[in-house]
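A single chain, nothing else alongside it, follows as structure tokens in the form predicted on its own.
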């Protein structure tokens, strides 16, 4: 095997004010021509490790070597580094960003045109060279970020969660682009929260609490849980309650909804429980299921959360008014001649989860904002909890909780100050506000961050705080715009335990997500593409429409998008 392009040996790094080290004796090797995955829960030390390999910070102990030199002394032109929030200049065009990074990376004028041509063809951004970076979709921004990182052809590519906030189609394109680079001999370190991506890497390193707890081929870890994953068909109406009962059984350490079925993982050295022990109807058929790398990840970290949500346990029961909780009728929004959402229509009954799915820039967030009263429709109408959005926007906002796509709280205020502010915004005062805030602090485990500025917290705790603020007033309707974007699978499971529990109390949820496994929790979903709805139904119905009944929701998503493109081209 060829010599590694980068290695780290026994790295330890501490930051002031932290009780435990960010990295604690971590070692890793990145080989040329191979994809090395880096995974772990939020705060595990992934970004710190990448920044040390990029030569941006020194370890306290251990060594980091790149191309045979200390990482801080290596020729930076040989390294391509794409941080988690890549520094594109949104007021500059695609071409202006490329020129700026060519200047920063010292690319010779004689080499620039060839480099730009190569990158624009590689990323398929040639059509958008004059478009401002801020006007690109999430997927296009990530492609431009990758191009800027490669403006001088690197031998080592360090990618810190490049797929965050990117739809499945764009993620697959991004993955294939980087895979092609690796096949050219570049060493790639790919940090990711999407474990289906990690599963395709040549090797993975799993960090937890600053330590490397696994290093090797992903299949080896997956093989360790063979025979412990099961699938049980459950009617759609009973899926959430059945999952709660199953996860509260000590024999089950993880579980998710998969269409009209549950997917469960049994604890090691424990017999598979029967249907009665799992709280299922007699005669429920328990079948073996193929283990996935994500199952192995959860198992190695000790399992997911239990099935009972403390948030749901304290939530009020939402009365049934026998009318839809959310109604969209022909919602259309134009910005000049551009149509962002075109005649979007759906109805969501009380106590259901409805998903808005689609690629970046399809119109999901625009539809969200119209239903929240943040945008006025050009035509069409909508109502939330029976309140007409055109006539009583303020009343409608009080009837819903809203968690925005990007962290929308006040980063310069402390956690407690944010909770106090949003309690007042939602009309809570006195004892009601104090009780709601203290309950949120306990449920979302925010105690150690109360005096911390919200903007400096780990991403998982930022998202917990955002959800806590959205539900302080226990609204009957909850709008969640990519609530788990970028967080690890453990936090995602925690969120969905809360969501499922609230829905059983009668809360109605409108959600967007790029994690197609999460779309399985929806009672129904609509797929929006190029501002229009192209398919609506239950998760299993969407798979059937795509001719993918036995496949994943991600496969169905991609197939429906491709079918729409073919139909459009034919027309």
Partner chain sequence: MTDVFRPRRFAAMLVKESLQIARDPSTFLIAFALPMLLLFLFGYGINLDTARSRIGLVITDHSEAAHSLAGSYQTSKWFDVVTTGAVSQLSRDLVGGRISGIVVIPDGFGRLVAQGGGTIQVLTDGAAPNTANFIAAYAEGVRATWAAARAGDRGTAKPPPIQTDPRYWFDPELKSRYNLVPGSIAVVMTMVGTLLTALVIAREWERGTMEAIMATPLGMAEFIATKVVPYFLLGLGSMTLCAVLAVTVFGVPFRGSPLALIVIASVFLFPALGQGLLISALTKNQFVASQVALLSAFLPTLLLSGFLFEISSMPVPIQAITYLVPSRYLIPQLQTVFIAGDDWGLFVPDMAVLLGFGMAFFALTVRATLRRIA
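Residue numbers count along the first chain shown, from 1. These numbers were taken from a predicted model, which means no experiment stands behind them.
Keep in mind that the form predicted together with its partner chain is missing from the display, and what follows is about it.
With the partner omitted here, the stretch from 529-537, 499-507, 26-34, 50-58 that lies within 4.5 Å of its partner chain by heavy atoms in the predicted bound form is 50-58. In terms of contact with its partner chain in the predicted bound form, the residue from 248, 96, 111, 388 that brings a heavy atom within 4.5 Å is 96. Screening 76, 155, 314, 267 for any heavy atom within 4.5 Å of its partner chain in the predicted bound form leaves a single hit, 76. Contact check for residue 300: no non-hydrogen atom falls within 4.5 Å of its partner chain in the predicted bound form. Proximity of residue 221 to its partner chain in the predicted bound form falls outside the 4.5 Å heavy atom cutoff.
Interface membership of residue 440, defined by any non-hydrogen atom within 4.5 Å of its partner chain in the predicted bound form, is ruled out. Using a 4.5 angstroms threshold between heavy atoms, residue 132 counts as touching its partner chain in the predicted bound form. Residues in 185-199 all lack a heavy atom within 4.5 Å of its partner chain in the predicted bound form.
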